[in-house]
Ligand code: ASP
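Shown below, as structure tokens, is a lone chain in the form predicted alone; questions about how it binds or moves come after it.
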């Protein structure tokens, strides 16, 4: 008999009527011949009320006790849900994370799952019960209650679907699927029929609030189909699977992270491994960096910029202050009022010009760009927070994301692939490394050259003008990395195919001359290394390990750019093979 996981968020169990409605959905699925596991969050704003109560007691509650407190919200919900199902004439049993056997590490408030036992859940299902599982929580090896942090109930649901080999994981929420952007900000946003894991993973970490990134990591790792549905209607929702809705469309969605902060470490000595001190110190505080940008060094020093969630800024700055002293760097700067706007789509890999369209759109609105990062399927920019919503609407309009696929396009009707059902021995091995870093591949590209624009004026429209002129010259740009933090000037480095270096330099020289800037610098032979995997950003120490391994090999990093599924670094072409060997050795234990 197939297993269905149904997850209900806080708004879907906010009162007794909604709890009974969710119970009826589970009973309907059981009547259709499925075994059903419900994963339930705390009711409505209950978690917020618990946090506020704790703050009334102390400004600095211990993390362990916060986990003990917050876990009671889900315990109340599962008990009420089991009562509701019993009242409707079916059998049910409620289980906390510890009763299920969800074992985590000991990082309170941000725990990661190490393993999940399936015996008790399977026994309860075989006895005809609907199992009601508490989301968001587990237990460490010392029997302390732990919570899983942001999106923890989504993570619980997809993890259970993975280990139980569920047919599907249904996520019930107050929206009826995944939209091209937040419909509360852009009313013209369109619900998509299906979206790929990679697209959803990038959108989730770029600010789309429907799903949390860690749950998508599990889904991709184990091949679990996720069905995002409305808890108040029978809308078809959105399927999150391996294939996108329209592979030929460059962009599938736009997202915003409103509350970010940018930190720039100034004047880091340009020697192998110098920047890793910053990464290690931030990772030691279990803070995940978001956008990371390091440009080519000038005068023996380089600047490093990155973003973090605003709530993590105080701890980040303490780490940065320590690193600046250790490195003998010139100092640091930060901006607490920035937001990130990202466009995502698998079609970017084959459709050049997306970056130019995005930059031109923002320039026409007079919105300046502070940082840029690019990957194969995502372009992210940092803008002043006051312009974030306007930027989101403008970019959504530019890529015509409100327009549905052409009539007759039946890609959305493609069959949903079955979830991966590993053998017994393989399942045990996977359970033991549920949330460990997974590296899918490490690639070396020797076909590129680097060009660096120096001292460009930091003004609205600069990026658009630069990439319009490169496009007119027929140049295909890959990585784009600006350097911020020094007055009103900005450096921009980019990589291009080596055979296009002559026309790139010609266009770049004409542009810099027109702007009264120094002529561009270049390296005709660089090596780009791409570390591809699941959860690259959420595993806080990945970038530090990359820098450490390359430093140990005596290789300096010229450029770096990050996304959720990939970290790209550029080194001198002569060091390419050495760098590849170093990275493969470093991540041997995480390679698929």
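Positions refer to the first chain, counted from 1. In this text the structure is predicted, and so the values were computed from the model without any measurement.
Missing here is the form predicted in complex with ligand ASP; even so, the following discussion is about that form.
Legend entry - Exercise: residue 136 in contact with ligand ASP in the predicted bound form, heavy atom 4.5 Å: Looking in the predicted bound form, residue contacts with ligand ASP include residue 136, since a heavy atom lies within 4.5 Å.
Inset, instruction - Evaluate residue 153 for contact with ligand ASP in the predicted bound form, applying a 4.5 angstroms cut-off between non-hydrogen atoms, and reply yes or no. - result: So residue 153 counts as contacting ligand ASP.
Legend entry - Contact test in the predicted bound form: residue 202 vs ligand ASP, heavy atoms, 4.5 Å: The answer is no: residue 202 has no heavy atom within 4.5 Å of ligand ASP.
Inset, instruction - Give a yes/no on whether residue 41 approaches ligand ASP to within 4.5 Å in the predicted bound form, heavy atoms considered. - result: So residue 41 counts as contacting ligand ASP.
Inset, instruction - Given that the partner is absent here, state which listed stretch (143-151, 329-337, 442-450, 80-88) has heavy atoms within 4.5 Å of ligand ASP in the predicted bound form. - result: Among the candidates, contact is made by 143-151.
Inset, instruction - Heavy atom within 4.5 Å of ligand ASP in the predicted bound form: which of 548, 523, 47, 556 fits that? Just give me the one. - result: The residue in contact is 47.
Legend entry - Neighbours of ligand ASP in the predicted bound form among 62-76 [non-hydrogen atom within 4.5 angstroms]: The stretch touches the partner through 74 alone.
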